[in-house]
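Listed next as structure tokens is one chain, alone, in the form predicted on its own.
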Amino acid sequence: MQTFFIVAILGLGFLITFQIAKASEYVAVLRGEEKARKQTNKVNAFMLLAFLIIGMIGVYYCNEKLKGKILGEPASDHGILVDRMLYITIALTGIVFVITQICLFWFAYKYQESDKRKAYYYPHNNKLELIWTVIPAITLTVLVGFGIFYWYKITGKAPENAMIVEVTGKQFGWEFRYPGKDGVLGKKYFKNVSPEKNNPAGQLWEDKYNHDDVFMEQEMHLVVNKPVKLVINAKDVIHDVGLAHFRMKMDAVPGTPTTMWFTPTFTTKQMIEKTGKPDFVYEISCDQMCGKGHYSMRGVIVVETQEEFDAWLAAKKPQYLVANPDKDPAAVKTDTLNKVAAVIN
């Protein structure tokens, strides 16, 4: 029934629009079609000129009002380069936009239909066509060159001192894995994924490098002014690691790990001071539609000093010991003490 009413309303709207158009034609005939058409042209020409002026003022106002207030300054070294490339692109395309729009609307006003002027037929000019083909081609080549250079810089080899964090997207959240003191992430296998057995990442426990890896969900910790290499995966469908404050993003593809690296330049505390927002947090979002819960796929990034990060990591228990409590020296010691206390009592 609801579908019927929607179709009926759409049909009625079309019918009303058609009747209004027919009525306008009849009015034009009664008034004199030629006179009505010329009057309409004058009104349209004036409206186009007004739209140009109001539109340009609106663009300038929005730019001044919102500039730097949505995301603020970039919080990574690569982010500065990305913003610079974006500003160059906006400047070049902005100049072309302003010139072409002014010409478009001004010509529509200035050269509106007139009995005192005859239209000039100008079909072809090789020199003009060469100019508006070659110059945009060169400009776009330069912009693409910048993009490729920055892309390979972001996805290229990370510095030797870079920390490593594995990022895994799933419907609808994020998982993070950190190597322990050995600095190496242990191997994993998708068939070993078992949250019930405290192995959500599918780690291979026979690999000794897994014995000190730390697993976290929804919250990633990074060190300020220290490069970080992200090893990115997905468990189910294609996701996308979106780091808006760092101006970084990378697809998370099932079965095909991707990487990128950057250096955070401000701690979370510093950004709170810079933005004046006490509730400010760095955010990791999914920038690829991944299902009905896509909107909620959001995680938090904490950027802190090396001392704070070391203290945080030291307080976390390796996932190997979480999955194998009998291997945990602290748990064995506690169990032994409990047994001794039971005997004494």
Partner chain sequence: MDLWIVSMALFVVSSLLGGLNYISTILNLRTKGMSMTRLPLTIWAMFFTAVLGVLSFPVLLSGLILLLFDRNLGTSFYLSDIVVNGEILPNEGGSAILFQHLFWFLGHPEVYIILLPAMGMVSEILSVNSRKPIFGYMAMLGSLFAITILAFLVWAHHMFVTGLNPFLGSIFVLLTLLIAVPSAIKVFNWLTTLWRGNIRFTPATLFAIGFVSLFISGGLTGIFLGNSTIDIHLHDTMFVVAHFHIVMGVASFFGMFAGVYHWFPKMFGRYLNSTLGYIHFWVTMIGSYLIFWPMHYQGLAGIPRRYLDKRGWVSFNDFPELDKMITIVSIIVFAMQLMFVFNFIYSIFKGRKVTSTNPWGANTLEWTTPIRPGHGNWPGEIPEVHRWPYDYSKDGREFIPQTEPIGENESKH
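Given the structure is predicted, the values throughout are model-derived calculations rather than measurements. Residue numbers count along the first chain shown, from 1. Basically, rigid core = biggest C-alpha set you can superpose within 1.5 Å across the two forms.
Below, we turn to the form predicted in complex with the partner chain, even though it does not appear here.
This chain appears without its partner; in the predicted bound form, the one residue of 182, 236, 207, 273 with a heavy atom within 4.5 Å of the partner chain is 236. Out of the listed residues 198, 114, 218, 225, 114 is the one that sits within 4.5 Å of the partner chain in the predicted bound form by at least one heavy atom.
Within 4.5 Å of the partner chain in the predicted bound form, a heavy atom is found for none of 158, 305 and 327. Only one listed stretch (210 to 218, 138 to 146, 159 to 167, 263 to 271) carries heavy atoms within 4.5 Å of the partner chain in the predicted bound form, and that stretch is 138 to 146. Mapping the unseen interface onto this chain, residue 177 falls outside it, with no heavy atom inside 4.5 Å of the partner chain in the predicted bound form.
The partner chain is not shown here, but in the predicted bound form it comes within 4.5 Å of a heavy atom of residue 71.
Contact check for residue 310: no non-hydrogen atom falls within 4.5 Å of the partner chain in the predicted bound form. For the chain shown alone, residue 298 is a contact residue for the partner chain in the predicted bound form, at least one non-hydrogen atom being within 4.5 angstroms.
In sequence order, 85, 86, 89, 90, 93, 96, 97, 100, 101, 103, 104, 105, 107, 108, 111, 112, 113, 114, 117, 118, 119 are the residues of 84 to 119 having a heavy atom within 4.5 Å of the partner chain in the predicted bound form; the partner itself is omitted from this view. With the core held fixed between the shown form and the other one, residue 135 has its Cα displaced by at least 2 Å.
Put the two forms on the same core and the Cα of residue 255 is off by less than 2 Å between the shown form and the other one. Once the cores line up, the CA of residue 155 ends up 2 angstroms or more apart between the shown form and the other one.
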